[in-house]
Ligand SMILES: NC(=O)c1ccc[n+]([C@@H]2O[C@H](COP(=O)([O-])OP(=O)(O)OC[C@H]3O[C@@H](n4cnc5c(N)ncnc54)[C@H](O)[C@@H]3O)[C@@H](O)[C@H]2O)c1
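The data below hold one chain only, encoded as structure tokens and taken in the form predicted on its own.
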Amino acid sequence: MNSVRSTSWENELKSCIRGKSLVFLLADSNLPDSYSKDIVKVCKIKNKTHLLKIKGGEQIKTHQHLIQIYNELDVVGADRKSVFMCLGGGTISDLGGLAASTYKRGIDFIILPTTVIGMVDAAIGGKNGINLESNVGILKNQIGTFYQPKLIGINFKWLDSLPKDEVKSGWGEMLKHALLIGGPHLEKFKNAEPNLASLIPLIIDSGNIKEGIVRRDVKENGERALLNLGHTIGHAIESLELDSSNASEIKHGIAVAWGIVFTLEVSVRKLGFNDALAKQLIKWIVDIIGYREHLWESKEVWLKMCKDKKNTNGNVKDVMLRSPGDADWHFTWEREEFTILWEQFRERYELTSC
């Protein structure tokens, strides 16, 4: 996999759409109108362009929204020489990427991320997908494809409209990368505040960490599983929030950060992670993300974990840390041990238990 990220997004965009029959732009309606207008202005110089706006968020990652996009592509006459472009955060590129990868068996795909998570994580690596409404509730990212974009255009000005909670959510994914790589990058990241002024200088480095891992293991047959650090618990928490119609209460990166806090505690017990360092890291993380009013009971979290897409042969898989920069993606949970550890965890970090 070659790098397709570029901060000279406008010139690269012009190159990618040259000769295309249609530019289809899916944009988050939460964004300032000027963002999509600037993109359409560039595209219309040489290409027929169609803009579809939908409100981003985890609630759009459904079959219904996917079909809506297919129908819109059909109505405007998109064909195999068309290009599909996403302007927004990870939910827009997840949904749009799945549409692009499957419409007429695949059309060219461009991501223009407007969130920190998009720039450092969601846009990188070619994972696209929607959630599944199953007999145990909503399950994260169960339906999807591996389909690489032709361009990931980075423009830091698109971050200006981000709410503070979205910036902090991006910090949670950057935390994951920092712990996976360790060393000087982690030390630099520990000195960064969860705000744009502090994070923007680290965004390219953070994205490079993910890109390097993905380049070596595009379809997650091995090392790429490291990028699931914090996500087994994080996705379970998100799914439970979605089931209870509280999708706006916890952002993806915050859920991942809670998953990482739990991972650090378990890693001390199971992999010999340095206890003093773990406590230091946990305090740093919790001071930023704050205690939760409610953490779900172990039986509810376990039910979601059992449906995690990483699992094989009925085994609940997870990622643990021996130390920063040294992770194990082969860890397997036993239900009884998870139940004990999670309930102890809830007592420490749930406000109603404090």
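Residue positions are given as counts along the sequence shown, with the first one as 1. Bear in mind that the values here come from a model prediction, so they are computed numbers and not experimental data.
Same protein, other form: the form predicted together with the named molecule, not shown, and the subject of what follows.
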Within 4.5 Å of the named molecule in the predicted complex by heavy atoms, the stretch out of 201 to 209, 166 to 174, 271 to 279, 98 to 106 is 166 to 174
Residue among 232, 114, 82, 263 with a heavy atom within 4.5 Å of the named molecule in the predicted complex: 114
Is it the case that residue 141, even though its partner is missing from this view, gets within 4.5 Å of the named molecule in the predicted complex, heavy atoms only? yes
Going by a heavy atom distance of 4.5 Å, is residue 308 a contact of the named molecule in the predicted complex? no
Please determine whether residue 57 contacts the named molecule in the predicted complex, using a 4.5 Å cut-off between heavy atoms. yes
Residue-level contact is defined here as any heavy atom of the residue lying within 4.5 Å of the named molecule in the predicted complex; does residue 298 satisfy this criterion? no
Can you name the residues of 22 to 59 that have a heavy atom within 4.5 Å of the named molecule in the predicted complex? 28, 30, 31, 35, 56, 57, 58
